Ligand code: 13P
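First, one chain by itself: the form predicted alone, in structure tokens.
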Amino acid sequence: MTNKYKYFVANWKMFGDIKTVNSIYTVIKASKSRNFSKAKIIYCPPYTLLNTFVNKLKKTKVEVGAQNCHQSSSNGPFTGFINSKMIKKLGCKYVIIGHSESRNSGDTNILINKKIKSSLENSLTVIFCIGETFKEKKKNKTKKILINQIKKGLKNIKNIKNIIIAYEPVWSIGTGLVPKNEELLNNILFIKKFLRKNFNYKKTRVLYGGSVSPYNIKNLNEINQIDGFLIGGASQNSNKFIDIIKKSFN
């Protein structure tokens, strides 16, 4: 871990209702433990639960983020969307931008860049997702893809202090497949070096995401350069989520 905190971002995706929200009390209780003092826990539930999460997590160490946002900071005729200003006013501190599932739904690098700019303007910390597909990996295009996504996603953004990178190989998300440690370390170091060189920022936080579970977390934690994890399915179960955090510090 190269930063003060290790991040544990719970991406609930399209999951959850009012009843399932109560499961977070187990996590809130665990977050008070001394063992969790260096854990930065962030929940990113669907839009329908953002307000509930914010209210339930007040006066706790656990924070809240959204899973995406519209690129416009102004009100407008955008049925079905909410923007970064609305997310901020709800009390959220983070927003996930560029997740591969959002990219598959139409988020281009240009659109992602606009969303990131809007989010930064509204004082949100951006969790910026990048990653290659299996086909791109097989063609040895991983680094080329990462550079392209970073350059276009962060175009004309000079200060990346409030940007957290989440390296998520598309082929690993929801498949149970995880990169080998040597490969993962190599890609994490490549991302950090590229950002340090091009944005002159030495404290870049790079998370890993993709089939993170209680069963592989100890192996993943052998890579000291990883600053935390973006966790999907396993984060929907409080016991599994806590287990991941515990094993990251033991």
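If you're wondering where the values come from, they're calculated on a predicted model, not measured in any experiment. The numbering used is simple: start at 1 and walk along the sequence shown.
The form predicted together with 1,3-dihydroxyacetonephosphate is left out here; the points below concern that form.
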With the cut-off set at 4.5 Å between non-hydrogen atoms, does E132 touch 1,3-dihydroxyacetonephosphate in the predicted complex?
-> no
So in the predicted complex, does V212 come within 4.5 Å of 1,3-dihydroxyacetonephosphate, heavy atom to heavy atom?
-> yes
Partner contact for L230 in the predicted complex: 1,3-dihydroxyacetonephosphate, 4.5 angstroms, heavy atom = yes
Does N83 reach 1,3-dihydroxyacetonephosphate in the predicted complex, with heavy atoms at most 4.5 Å apart?
-> no
1,3-dihydroxyacetonephosphate in the predicted complex: contacting segment from 136 to 144, 85 to 93, 113 to 121, 164 to 172, heavy atom within 4.5 Å | 164 to 172
Restricting to 6 to 23, the residues within 4.5 Å of 1,3-dihydroxyacetonephosphate in the predicted complex through any heavy atom are N11, K13
